[in-house]
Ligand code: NAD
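Just the one chain here, the form predicted alone, laid out as C-alpha cells.
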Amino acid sequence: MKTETASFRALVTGATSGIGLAVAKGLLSLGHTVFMTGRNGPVLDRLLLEANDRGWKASGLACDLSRREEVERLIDTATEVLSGRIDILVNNAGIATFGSIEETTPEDFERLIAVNLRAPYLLSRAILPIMKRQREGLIVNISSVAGLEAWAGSSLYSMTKFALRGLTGSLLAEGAPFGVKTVAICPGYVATPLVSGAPVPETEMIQPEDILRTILYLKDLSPAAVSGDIVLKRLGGL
C-alpha cells in the first residue's frame, strides 16, 4: 500500500466556508502548502492570519470567480506564490439557484455558468499544463449528485454540475499520458451554508471533512490508479 508522506502544494477555491474551508484547513494542518481563495475578503484575511499564527503554510487572494479578469489574476498570483508548482487543484467554489425553469432568469443562468463552469475551465486550462510538465498532479472538481440525476426545480444547478463532470472526463483523458489525474466528487447533502434550509438535519448530512478525506484518498493512490466519479450519498438518502 502506498502512503503519501511528501508535502504538496494545493489551490482551493471557495475556501472561506463549507467544503473548501474544511479541505484547506485540513491540508494545512497536515503540513501542506495551500493557496486559498474566496469571495469574502475579510473572512479570508482572518483565516490566513489564524493559519499563519499556527505556523501553517497558507496564502490567498480574495476573488469573485464570476468575473473572468479576477480569475485570471488569481491564476497569475497563485502560480507565482506557489513558485510555479501546483500538485492539487480543488475546483470547489459553486453557487446554486433553485426553482422552476420559468422562475429562473437569464441573469441566473449567466451567473451559474460563470462560477460553476467557466471558473473551473479557466483554472484547469491554466494549471493542467503545469501539472503535465511536473508529470503528476490531481484536479478535483466538486460536482454533486445533482450532476448525476436531475429533479424538478434544479435545472440550472444540475446543468452546470452535469457539465462539470463532462469537463472532468476530458481533463482526465488529456492528462493521463502525463500522470495527471482528474476526478469529480459528487456528494449529496453536505452540511454547508449552500444547503441551509434543506429538509434534512445537519447531523444527518455528509460532513465537509468527508470531502477532505476523499481527496486525501485520491492523492494516496499509486500513480497507475485513478477513480471515476466518486459518489458520496447520505446514509439513508441523498
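Since the structure is predicted, the reported quantities are computational estimates derived from the model, not experimental observations. Note that residue numbering follows the sequence shown and begins at 1.
Not pictured, yet referred to below: the form predicted together with this ligand.
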Contact flag, residue 137 vs this ligand in the predicted bound form, heavy atom cut 4.5 Å: no
Any non-hydrogen atom of residue 195 within 4.5 angstroms of this ligand in the predicted bound form: yes
Touches this ligand in the predicted bound form: residue 66 (any heavy atom, 4.5 Å): yes
4.5 Å heavy atom contact, residue 88 to this ligand in the predicted bound form: no
In the predicted bound form, the one of 184, 180, 58, 190 near this ligand [non-hydrogen atom within 4.5 angstroms]: 190
Interface segment, criterion being heavy atoms within 4.5 Å of this ligand in the predicted bound form, picked from 23 to 31, 36 to 44, 50 to 58, 171 to 179: 36 to 44
Residues within 4.5 Å of this ligand in the predicted bound form, restricted to 72 to 100 and counted by heavy atom: 92, 93, 94, 95
